[in-house]
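What follows is one chain in structure tokens, specifically the form predicted on its own.
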Amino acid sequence: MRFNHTITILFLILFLGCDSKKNELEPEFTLDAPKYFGSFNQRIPEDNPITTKGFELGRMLFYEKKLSGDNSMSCASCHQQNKAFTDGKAFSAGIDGQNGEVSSMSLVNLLWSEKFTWNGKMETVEEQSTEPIRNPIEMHENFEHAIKELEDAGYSRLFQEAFNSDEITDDLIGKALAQFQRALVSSNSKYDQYLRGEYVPTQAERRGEKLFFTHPIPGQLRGGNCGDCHLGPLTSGAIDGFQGFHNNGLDTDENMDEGLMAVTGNPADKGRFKTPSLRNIALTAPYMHDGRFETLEEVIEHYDNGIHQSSTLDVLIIEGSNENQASGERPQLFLTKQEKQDILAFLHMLTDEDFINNSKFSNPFENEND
């Protein structure tokens, strides 16, 4: 059965159990996150706790096409659940057909992340949630117009339930979207099951895990040097409130993109990009900020023998090799074919089927006639 969009929204309002007589906000949303991810409560803004109704509103807005200028796109257009909230493209096209400048990042475990977008220009999830709506290359919408459409569709009642105010504002839209995205926790991959003692890895997966998290020492210890940047069980660049940005040897000085330098203005940050989580990495191709690598095999080959020298190349890459190299020599890992296969096996352990199939994160309008 297919529904008119506005009728669908009204149905969802009733389905979600909205009570117009309520004056108090719903209780906080329960997040299911493993202890080995680290604490997260202090990362949730005091003025935007995750509540049940806030999450539900955020989910609807995340899939709401009325937030785009021509009602053809939503946040989910570039962040699709079956691709771990990416879109499978090197560059996504906005409503006017113009491509963006970077690949869409996976929205996974954002509670443990810092500074958003590839160059870290967004300080909060709230800010990052509303910027694409305004962006003329992306959703290209005027908030005044979007708010009027949301009001006409019956959203005021949902905002009342979520924020104790039936006034719809761009600030509250950002807060609702941020609540939904902060709740996108991926923590049931084979790797998580292994950490909990519920899965016995294959020999290749065990070897791959060891290689991933080992910094090589020539003649003493073989390693893949991955965990130097992709830290801990989260396999991300953020730890203890610090977000890592690295120049991972994609280009020479003459050819590289600005990266973090576009935000800081510091030439030492040229070519440095945010280190993303590798959770569900097998689902998020193409890879790097510009989507230049189609496969994980290509990514591994890049780190093994495709590094480009530059003045800002990260020291963790310069010093990471399984063989002794002369000073100034182009860094190489010198991995064997088997070692590459083992690392690949470990990366596939990070796929979380529950996450990409979780109905709580899915499109509430999926039966609607577009």
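What you see is a predicted model; the values in this text were computed from it and never measured. The first residue of the sequence shown is number 1, and the count goes up from there.
One more form of this protein exists, namely the form predicted in complex with heme C; it is left out here, but the text below deals with it.
Heavy atoms of Lys121 reach within 4.5 Å of heme C in the predicted complex, making it an interface residue.
Using a 4.5 Å cutoff between non-hydrogen atoms, Leu316 counts as a contact of heme C in the predicted complex.
Not displayed here, heme C is approached by Phe62 to within 4.5 Å at the level of heavy atoms in the predicted complex. Proximity of Gln181 to heme C in the predicted complex: non-hydrogen atoms within 4.5 Å are present. Here the chain stands alone, but in the predicted complex its contact with heme C, taken as any heavy atom within 4.5 Å, falls in 87-95 among 260-268, 87-95, 196-204, 149-157. Contact check at 4.5 Å (heavy atoms) against heme C in the predicted complex: all three of Ser74, Ser106 and Leu278 pass.
For the options Thr252, Thr117, Asn164, Asn188, the residue carrying a heavy atom within 4.5 angstroms of heme C in the predicted complex is Thr117.
Out of the listed residues Leu283, Leu172, Met256, Val299, Val299 is the one that sits within 4.5 Å of heme C in the predicted complex by at least one heavy atom. Of all the residues from 253-267, none has a non-hydrogen atom no more than 4.5 Å from heme C in the predicted complex.
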